[in-house]
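Next comes just one chain, in structure tokens: the form predicted on its own.
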Amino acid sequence: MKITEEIKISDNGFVFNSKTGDSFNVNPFGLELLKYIAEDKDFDSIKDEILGKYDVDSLTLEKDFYEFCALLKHHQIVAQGDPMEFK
């Protein structure tokens, strides 16, 4: 999964799609996930980082991550594809 090149993300969580003109705000956790995706980290690496940093169980993380990625695809922030696939 890759963030499309039309997407610009600020350090405070403002996301702008220059292709559609849409803009969004993500919370700090969403921003952290976007940064991991932008760094081409695979899901297992992201999962390890999040599980080590936050009090969340693996199943909840996977469910929430999948839902977040579905929203990213819906708003054309990432290219279409399986949220668990990276690169």
Partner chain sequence: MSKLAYEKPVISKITAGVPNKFGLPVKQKIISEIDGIPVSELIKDYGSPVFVISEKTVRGTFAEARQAFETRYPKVQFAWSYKTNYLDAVCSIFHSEGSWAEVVSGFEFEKALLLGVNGSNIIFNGPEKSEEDLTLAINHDACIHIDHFDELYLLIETTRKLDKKARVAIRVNLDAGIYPIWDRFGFNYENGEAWNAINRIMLAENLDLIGLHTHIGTYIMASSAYAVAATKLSNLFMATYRKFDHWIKYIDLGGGFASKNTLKGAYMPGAETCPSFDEYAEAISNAIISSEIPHENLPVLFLETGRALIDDAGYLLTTVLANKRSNSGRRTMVIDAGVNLLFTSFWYNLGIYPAKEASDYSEETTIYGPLCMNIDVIREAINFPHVQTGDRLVIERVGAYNMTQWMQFITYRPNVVLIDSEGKTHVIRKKEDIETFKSFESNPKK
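Just so you know, these numbers come straight off a predicted model, no measurement behind them. Numbering follows the first chain given and starts at 1.
Below: the form predicted in complex with its partner chain, not depicted.
Q: Should E67 be classed as touching its partner chain in the predicted bound form when contacts are defined as heavy atoms within 4.5 Å?
A: Yes, contact at 4.5 Å.
Q: With the partner left out of view, is I37 within 4.5 angstroms of its partner chain in the predicted bound form by any non-hydrogen atom?
A: Judged by the heavy-atom cut-off of 4.5 Å, I37 is well away from its partner chain in the predicted bound form.
Q: Might S10 be said to contact its partner chain in the predicted bound form, defining contact as any heavy atom within 4.5 Å?
A: Flag for S10 set to no.
Q: State yes or no: in the predicted bound form, is some non-hydrogen atom of K19 no more than 4.5 angstroms from a non-hydrogen atom of its partner chain?
A: Heavy-atom contact with its partner chain at 4.5 Å: absent for K19.
Q: Which residues in 26 to 61 have a heavy atom within 4.5 Å of its partner chain in the predicted bound form?
A: Contacts from 26 to 61: V26, N27, P28, F29, G30, L33, L51, G52, K53, Y54, D55, V56, T60, L61.
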